[in-house]
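Okay, here we've got a single chain as structure tokens, the form predicted on its own, with questions on binding and movement later.
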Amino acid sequence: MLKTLALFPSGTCVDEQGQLWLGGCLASSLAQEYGTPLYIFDDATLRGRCRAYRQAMAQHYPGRSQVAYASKAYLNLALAQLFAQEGLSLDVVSGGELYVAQQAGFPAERIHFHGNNKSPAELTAALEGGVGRIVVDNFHELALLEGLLAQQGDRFPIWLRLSPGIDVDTHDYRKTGSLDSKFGFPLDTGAAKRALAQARNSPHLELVGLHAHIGSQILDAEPLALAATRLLEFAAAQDFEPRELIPGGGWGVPHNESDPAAPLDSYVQTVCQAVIDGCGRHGLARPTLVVEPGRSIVAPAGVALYRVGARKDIPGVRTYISVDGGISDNVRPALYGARYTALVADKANRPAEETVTIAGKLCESGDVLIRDIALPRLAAGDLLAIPAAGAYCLPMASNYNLAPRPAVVLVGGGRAKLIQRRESHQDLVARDVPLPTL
């Protein structure tokens, strides 16, 4: 149990009765008040991870730096406000994420707008909203942005997203920096060189930085450092001195007991040293260094809580335990083969008695959250808590089978605050337009 408990947010504990406590709140009481499935975020863990990143950057990089939270990992109004309070910048990849940030009052100058196919409406909203940077991904967007700015007679600071041709050890769907990727101007084809020349010659684009992002859930810092190195090599070869350098994010976290530890300080130190060395080698002034963590901030802070329902024993084959959520709130095991672990929140101090597979309630055979996990014997009504669930579960949640999306609470100091209400059945038809009466 102790190894599993280490994957939960800071301050998590189990009392003598085997009850799980999160942020000073009893998990079973949270389930009773807010229902299940329920996603619980720990305030102290969120703030602690933000501060750890900022402190590591300040310690390891002798120049200006920023920590920009990658909104795609999970964003709502409350989290945007929390990240603003902690001094982070914010990466958004859609008009929707930009809107949430704006509604939260996030400082516009600290927002970076990413994406590989931004619409004219999204770019217009970004320009009118005064975002700090637009990250240009392709020649279509260069022309589109140039045209919009020409109409306004303005000049706007941009980063170019480059594809550095680096393959990483992660799921194929999470790789974003190889040559065969929809993202960025490839270095290997000469597209990056042409894009840089076009941006530098534009009367309306102010090229201030070079950006790369090579993937997600990466547990080896060397490829991330190599991305920074290649950006600097490219800049030097083009006689361009970037004022800002952004080697991306993607640092991973352990999701189950067999995953290696992923200390963020060593990751930050490795990337910072690569930038320091690269600038020295090429005679470049040290730019403002921006890192873009997402998962590694929110994943450890989040816990998914489910209520156990049906049991299906297949002698000699498998025992299925079904819970009241599944791929509608966490599609990652089905999509990526993501592997999680769990505790029984109301029997957390009991020894394992059986090996079971945790299945969701949605009508797909692939709706399995955890395969072959050893747990105390489960009964209908028990609570199952899955740690490291704060990233990418809720953003990819759906209404498959017209399942309402779960509620989200923020806990800390023995108090819980609802930060996203559970969808109702009325919400499920809010966008529908019925047939007219004849």
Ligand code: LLP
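Throughout, we count residues from 1 along the sequence that is shown. The structure displayed is predicted, hence computed values, not measured ones.
The protein also exists as the form predicted together with the named molecule; that form is not presented, and the subsequent description refers to it.
message: At 4.5 Å between heavy atoms, only one of the stretches 228 to 236, 150 to 158, 104 to 112, 210 to 218 reaches the named molecule in the predicted complex; which one is it?
response: In short, 210 to 218.
task: Decide if the three candidate residues W251, P293 and R332 all line the named molecule in the predicted complex, where lining means a heavy atom within 4.5 Å.
output: Yes, the whole candidate spot contacts the named molecule.
message: With a cut-off of 4.5 Å between heavy atoms, is Y99 one of the residues that contacts the named molecule in the predicted complex?
response: Y99: no, not in contact with the named molecule in the predicted complex.
query: Is A385 a contact residue for the named molecule in the predicted complex, using a 4.5 Å heavy atom cut-off?
result: Contact with the named molecule, no.
task: May I ask you to state whether Y39 is within 4.5 Å of the named molecule in the predicted complex, using heavy atom distances?
output: Y39: no, not in contact with the named molecule in the predicted complex.
query: Quick one: does R307 come within 4.5 Å of the named molecule in the predicted complex, counting heavy atoms only?
result: It does not: once the named molecule is placed as it appears in the predicted complex, R307 has no heavy atom within 4.5 Å of it.
message: Between K72, K361, K347, H204, only one gets a heavy atom within 4.5 angstroms of the named molecule in the predicted complex; which residue is that?
response: Selected option: K72.
Residue (of Y320, Y336, F240, F139) lying close to the named molecule in the predicted complex, criterion heavy atoms within 4.5 Å: By the 4.5 Å heavy-atom cutoff, the listed residue in contact is Y336.
task: May I ask you to list the residues of 299 to 315 that have any heavy atom within 4.5 angstroms of the named molecule in the predicted complex, in sequence order?
output: Result: empty, none.
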